[in-house]
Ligand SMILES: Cc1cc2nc3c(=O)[nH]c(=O)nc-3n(C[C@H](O)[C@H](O)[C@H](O)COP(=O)(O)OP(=O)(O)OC[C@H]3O[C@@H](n4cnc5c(N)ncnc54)[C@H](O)[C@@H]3O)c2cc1C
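Only one chain is given next, in structure tokens, and it is the form predicted alone.
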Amino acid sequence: MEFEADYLVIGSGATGMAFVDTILTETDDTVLMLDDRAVPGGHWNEAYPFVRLHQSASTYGVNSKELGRGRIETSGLNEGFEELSCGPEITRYYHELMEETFLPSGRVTFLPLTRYHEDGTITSVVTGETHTVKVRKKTVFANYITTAIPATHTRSFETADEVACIPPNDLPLRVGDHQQFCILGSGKTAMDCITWLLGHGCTPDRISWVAPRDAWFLNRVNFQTIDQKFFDDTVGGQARAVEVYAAAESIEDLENRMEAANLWQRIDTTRRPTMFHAAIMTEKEVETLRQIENVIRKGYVKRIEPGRMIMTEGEVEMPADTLYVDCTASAFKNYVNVRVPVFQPGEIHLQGIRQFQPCYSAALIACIEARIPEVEKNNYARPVPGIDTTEDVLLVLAAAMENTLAWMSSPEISDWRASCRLDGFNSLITNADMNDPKVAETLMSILGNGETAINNLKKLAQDAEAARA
């Protein structure tokens, strides 16, 4: 059998769905989507049951369909801020999008449980049958950046048969069988597990936390976009950040300034973080995590045996009945500082083009594909690669700022952004009172410091690279 479509989209996760959604609204083209999973929604289908978004629901998903109810949460660690959708809500969102919008359009064919091969053929996981695809325009690699998740990743350490070590998915099922818990990992998943345990009555003394590295976190107060009352925190926060980018004399100076401006935060203020994965946290979350006193910092786990952990920097005695929760999967470990052109002959490689916003980036790439001449497309789509440290984020921020300036110079892209629900930051600016002197001062600060900030970020990155050489 031969399939035929204008676009072949490999992957039906968050970025693939965001790209196709915009293609459907911007063009009359047809799309063949395939995925080796049985349903759309990507890694959300295997997420742990208490997972929630890092970013607000108002800026996640696809442009044409709202996610969430546009509300401010009134309780919990996210009280006072925009709602954060939970895992089941997100998977339902993508399933409904496919069944109620994509397929009824008559322009999308979805082939689940199907794999793509480098020779351009596709194979059914179920039947083993191989088919050809005639692509009239481009093949879109929505799986270029794949997310490692706790449920399916391969552990880098060993466990004895007698040791109970589980992914976060199983924690609600096993929590009643143990009195002691050891959370493995420094990232947001580990912190989700800790706050979940504390929120369900587990006392801090029952929790150990293996944190090989300390991390910087973005402050959630600076990422609120559904109401103009957040203008000073969000747009004003961006203005303060750009001022820091322009003035910082070193990476450590940049970190100190970002923390002083209430833009970045850390759990242990006596330790200098070496990790930056762009996790967004409230100040309440940070205070809650500070309750854990038994933080184990002896490097990485090599092997867990009954009563002890063997680590890269020594051994640690542990209660024999400890339940270990493996949160060591690294979302973008294989893509740190990896860049390939987004637009290539006959191909599109979906990547971030705005920092920390994969859905918005994919939707905007589709806009660029539909509205911008081929030879100019990559001028508006500098890749924003994966990050691991503060040094990595310097070039990410510089590229994202360069992209934003380019978008502002394009009437075609500016028109699309003006009505894009995923761009809450731009929406705050569009709806701001331009006669308000404080608004004008904030916007002029961003524009006035932009070029200096970009150049200084690149210089700091070069200095860091030279220091490592």
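On a predicted model such as this, the values are computed, not experimentally measured, just so you know. Residue positions are given as counts along the sequence shown, with the first one as 1.
Below, we turn to the form predicted in complex with the named molecule, even though it does not appear here.
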Discussion item. The named molecule is absent from this chain, but in the predicted bound form, do F343, L405 and L428 each have a non-hydrogen atom within 4.5 Å of it?
Written reply: no
Worksheet item: Hey, in the predicted bound form, does V439 get a heavy atom within 4.5 angstroms of the named molecule?
Response: no
Discussion item. Does any part of S12 reach within 4.5 Å of the named molecule in the predicted bound form? Heavy atoms only, please.
Written reply: yes
Worksheet item: If you check in the predicted bound form, is Q55 within 4.5 Å of the named molecule, heavy atoms only?
Response: yes
Worksheet entry | Contact label in the predicted bound form: F356 to the named molecule, heavy atom within 4.5 Å | yes
Worksheet item: Thinking of the named molecule in the predicted bound form, which stretch from 158-166, 112-120, 259-267, 201-209 has heavy atoms inside 4.5 Å of it?
Response: 112-120
Practice prompt. Report the residue, out of C327, L254, A142, A399, that has at least one non-hydrogen atom within 4.5 angstroms of the named molecule in the predicted bound form.
Written response: A142
Worksheet item: From the list A239, M318, I149, M275, which entry has a heavy atom within 4.5 Å of the named molecule in the predicted bound form?
Response: I149
Worksheet entry | Residues in 58-79 close to the named molecule in the predicted bound form, defined by a heavy atom within 4.5 Å, in order | Y60
